[in-house]
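For this one, two forms of the same chain are given in structure tokens, first as structure 1 and then as structure 2.
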Structure 1
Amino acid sequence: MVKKFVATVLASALIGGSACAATLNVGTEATFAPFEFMDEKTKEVTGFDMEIIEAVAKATGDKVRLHNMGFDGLIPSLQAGIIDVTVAAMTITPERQKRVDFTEPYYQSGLTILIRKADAAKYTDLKAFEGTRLCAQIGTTGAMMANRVKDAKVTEFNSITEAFMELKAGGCAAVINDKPVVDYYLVRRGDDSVMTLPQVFDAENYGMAVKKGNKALLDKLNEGLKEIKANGEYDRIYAKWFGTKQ
């Protein structure tokens, strides 16, 4: 028992964290499959991000306590100290980097445009959406891209699922969102009334975010990420959710 305790203390001290095992208050927004979503059977939050942070916490000797909230509430909650870290498929952007600190990237993503198949001939490039209504999730890079389209009216929903429903109901011309999430939706829902444009827009990297200046936690998370990449855990989790290696 004593030995195990000493080993834990040493392990977390070695990887630059606090001297003893901590509970990481992790903020996420669990409607973003396959990264974070509610497992309908177990009623627990699951997904790629959840397994990554669990693996990182195991490597750093910490515990995870999950806080599920709106995507636009994540950064304010970090700043207020309600959570320690976000793991929420959050893209590292220069604007966000002014407000929080990000870990090394842990996933490479990009944005895609989802339309109704019936509109395939009408919408073939970004320019075709000028002056249309576009849907996205609130506070996301998809919403930011939609807002850059000339004269577009943008409706931002709390969850991406609502945006998908609005598109299907004809309430908007397109949904702009992260490509892996749209691909997962298309495959899992077997929805063939909608399709994506072939272009991938805005290459993006996901990072975990901590409160600005929280270097101790940032270093610890980066060490944990490094360790799970070195020991094969990252590849195993990646293959489980995406079927391939990154």
Structure 2
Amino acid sequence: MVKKFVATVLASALIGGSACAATLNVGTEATFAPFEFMDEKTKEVTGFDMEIIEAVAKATGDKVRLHNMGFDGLIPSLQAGIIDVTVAAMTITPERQKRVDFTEPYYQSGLTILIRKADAAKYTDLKAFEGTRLCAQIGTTGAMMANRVKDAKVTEFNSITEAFMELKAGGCAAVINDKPVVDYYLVRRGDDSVMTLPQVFDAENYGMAVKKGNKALLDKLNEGLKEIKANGEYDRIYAKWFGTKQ
């Protein structure tokens, strides 16, 4: 069982540890299920990211001290030495790479298409949905992608749950949404009547971030990621939260 984290709010500046420190000060923003979120029963922070950093720290012989803060405060806290590393489903972008250094990607996000298994032979790629009815959540990149499909009739719902229900009822050919959210829905619901297409659209990579120039810590984290992928721990954690290997 993964070690539980007690979320803390930074009230004062802490001295960030070096790459050789026994404790890693880890910053996150715990409102993004299933990556990092507050468990309603235990009132502790849990999620895919939390188990990944715990496994990496174990592989490198370190311990984790978690700091829950606003997402916009993560990079400034790294730069100020308040935290050592961020683990917060943070997309690796050229703009962020100017301010911090990222590990190798540990998760690929993007958009995915959810269909009924009964339609697997009919819908094998995006072009197959031309002229069909598609469902998405209003204002999302999934809705934007659906509206780019030629002659598609797009229905946008207030919540993604409504879109999922419409698909199951046969009211649309597919739902387009963020891959992690769809994966989490599938593993939590255990729904065998639907499936995702293998393609990931507009793919984005998540990485752990460290202070610019902290090569020693960056190398250590990359080695930890490499080890947990090699020994199967990464696949075990991934399957727990998303129901399959990445």
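Please note that residue numbering is based on structure 1, beginning with 1 at the start of its sequence. Computed from a predicted model, the values in this text were never measured in an experiment. By rigid core we mean the largest C-alpha set that fits within 1.5 Å across both forms.
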query	finding
Structure number of the form predicted alone	2
M195 C-alpha moves between structures 1 and 2 by 2 Å or more, core aligned	yes
Post core alignment: F71 C-alpha displaced by 2 Å or more between structures 1 and 2	no
Degrees turned by the smaller rigid body between structures 1 and 2, as judged from C-alpha superposition	64
Cα displacement of A146 between structures 1 and 2, once the rigid core is superposed (Å)	15.8
